[in-house]
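Just the one chain here, laid out as structure tokens, in the form predicted alone.
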């Protein structure tokens, strides 16, 4: 059998490359295959972070430094393929945050949009633009782009949630700004529940512009209501063989995704359901809320239980099986990809 060895550039070509390099030029024909691949080849790895392990370490961090010292006391989920990169997928940042009783995570704002998915706690709060919302397990809480926000816990138990931010997209465009407030916490300019009353009951005010631009004016999608809707759909419709029963969170102003660059949805899989294989161009982060999943993604397989966090990179074939009735939250950069007309998926 004859082996073909790729030849390097000729001496004449190499001399030419050496000549143009000091002028900050390079030959496209040498780099073209890497710049325009046949299909995506993610540098990231499917992975699972265990809630019990992460929680124990987060509580240990809570004994080492205060929320004031940390500004945000978070353990960042770093994809194993990119240590030090603060990335759970190619474009998304995610971590697990802790607020202890009596603490305040001081007010600041930034260009990146953020979401919180609450895993533990008894009515801690997030304040956005002068309005507080009380946080319960499973709630999907949004911090819009450039909105002042602080967090706190006035009750007697820790609050723990998952953060998700689009900051790597923002940083890619070199458009990141941030600002710290002179006040540790915002004055409460609105009543608790005001945003929900205005925007969250299938009604909206006349002649009232969106308070957060392209981001949904609802900044807490309560888990109780979302779960009830999901289970009602599951009781009345046939299950999608690839997605299971799934409902997407929506912006009531336009019916689109709740955040300009981040998509989010809630999924229910009944015990024993096994999905068909799917791959898509958005890197996804799954947060388990109920039950247990067996995940097969690329050459990896693992089980994820309540509170566990799963990273699924772009364009990797995956399927899941519910070993117990499962409910899970997913977020990704699909919203940004759809706006750019580059989102794609394949199903088997």
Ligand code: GTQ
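Numbering follows the first chain given and starts at 1. The model shown is predicted, which means the values in this text are computed figures rather than measured ones.
Heads up, the form predicted together with the ligand isn't pictured, but that's what we're talking about next.
S.K.: Can you work out which of 222, 87, 110, 132 has a heavy atom no more than 4.5 Å from the ligand in the predicted bound form?
M.R.: Result of the distance check: 110.
S.K.: With a 4.5 Å heavy atom cut-off, would you call residue 93 a contact of the ligand in the predicted bound form?
M.R.: So residue 93 counts as contacting the ligand.
S.K.: Could you confirm whether residue 168 comes within 4.5 Å of the ligand in the predicted bound form, counting heavy atoms only?
M.R.: No, residue 168 is distant from the partner.
S.K.: Taking the ligand as it sits in the predicted bound form, is residue 227 near enough to touch it, meaning that at least one heavy atom pair lies within 4.5 angstroms?
M.R.: Residue 227: no contact with the ligand in the predicted bound form.
S.K.: Is residue 204 near the ligand? Define near as a heavy atom within 4.5 Å, in the predicted bound form.
M.R.: Residue 204 lies outside the contact set for the ligand.
S.K.: Non-hydrogen atoms within 4.5 angstroms of the ligand in the predicted bound form: do 246, 267 and 334 all have one?
M.R.: None of them does, since no heavy atom lies within 4.5 Å of the partner.
S.K.: Counting only non-hydrogen atoms, choose the one of 183 to 191, 147 to 155, 231 to 239, 246 to 254 that falls within 4.5 Å of the ligand in the predicted bound form.
M.R.: Heavy atoms within 4.5 Å of the ligand in the predicted bound form occur in 147 to 155.
S.K.: Only counting heavy atoms and a 4.5 Å limit, does any residue of 62 to 90 reach the ligand in the predicted bound form, and if so which ones?
M.R.: Those in contact are 72, 74.
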